[in-house]
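Given as structure tokens, the chain that follows is alone and in the form predicted alone.
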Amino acid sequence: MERGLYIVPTPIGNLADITQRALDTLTHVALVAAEDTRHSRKLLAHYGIETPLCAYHDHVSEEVTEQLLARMIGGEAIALISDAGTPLVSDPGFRLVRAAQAKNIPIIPLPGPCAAITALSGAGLPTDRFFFEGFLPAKSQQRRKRLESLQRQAGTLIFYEAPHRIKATLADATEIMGSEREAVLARELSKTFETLRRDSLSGLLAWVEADVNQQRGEQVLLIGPADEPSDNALLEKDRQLLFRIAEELPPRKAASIVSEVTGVKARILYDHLINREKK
């Protein structure tokens, strides 16, 4: 097998979801670098794969990274896997990929399972634009601040959340983004108790509060896009930012910059400036 770092997605629940190419890769590489060797050993054993495993997670030493690089420089192929899904999507591995690239080691990413995309495909929310946030901060104050920064996003928002925090996150999102904002909770995807429920944020919160079973297992929360704001719906702080930047830059450029910061469409901001100048 040609040398390089192979990024190999693994099932997010149902073991049958692994691809043939992933199985062939895991069989023929010299080593599998896994987030949790105990967890991954069960997957390899299920398919009769005897490739050696080593641990690779956020807390491994720099020495481990150097050892893996040395083996690949020497001509070996190594596979990187996480506990479930596509590596590096809210999982470790970023440092290893960058270090391998710096040494001109080939990076070979394989397509495969990803909880965020699986949830999005079955959510019934707009998919033409989406924003993957991963895990929100665990502490309420930081979580609320992050949600506030995302509330005007024009695309569907995708979050991973721990089961013991899902109720608090839904409560914060309901208050900040609005009780009627459309959302989907995708739980235990591809597993026995898989659930996808689409409702308003307040409806999902009530459902989770009423059924403790919905507070268990792997959770993906998706929140629908913000409604396109009208000219009169601009937040005062957005309006003041727009006017201040327009003092230094042409209207179109000012609108573009404020759009990137606030999520409000540049066309709306530009029209707001032009209409103001006409008054």
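These numbers were taken from a predicted model, which means no experiment stands behind them. Numbers follow the displayed sequence, beginning with 1.
The same protein also exists as the form predicted together with a small molecule; that form is not shown, yet it is the one meant from here on.
(request) Considering only heavy atoms, tell me if residue 161 and the small molecule come within 4.5 Å of each other in the predicted complex. (result) Contact with the small molecule, yes.
(message) Can you tell me whether residue 113 touches the small molecule? I mean in the predicted complex, with a 4.5 angstroms heavy atom cut-off.
(response) Although the small molecule is absent here, residue 113 would touch it in the predicted complex, with heavy atoms inside 4.5 Å.
(request) Please run the contact check for residue 89 against the small molecule in the predicted complex: heavy atoms, 4.5 angstroms, yes or no? (result) Judged by the heavy-atom cut-off of 4.5 Å, residue 89 is in contact with the small molecule in the predicted complex.
(message) So in the predicted complex, is the small molecule close enough to residue 94 to count as touching (4.5 Å, heavy atoms)?
(response) Although the small molecule is absent here, residue 94 would stay clear of it in the predicted complex, with no heavy atoms inside 4.5 Å.
(request) Just one of 39-47, 218-226, 238-246, 58-66 has residues with a heavy atom within 4.5 Å of the small molecule in the predicted complex, so point it out. (result) Stretch 218-226 is the one.
(request) Tell me, out of 12, 264, 255, 22, which residue has a non-hydrogen atom within 4.5 angstroms of the small molecule in the predicted complex. (result) The residue from 12, 264, 255, 22 that makes the contact is 12.
(message) If the cut-off is 4.5 angstroms on heavy atoms, which of these, 123, 189, 147, 208, is the one near the small molecule in the predicted complex?
(response) The residue in contact is 189.
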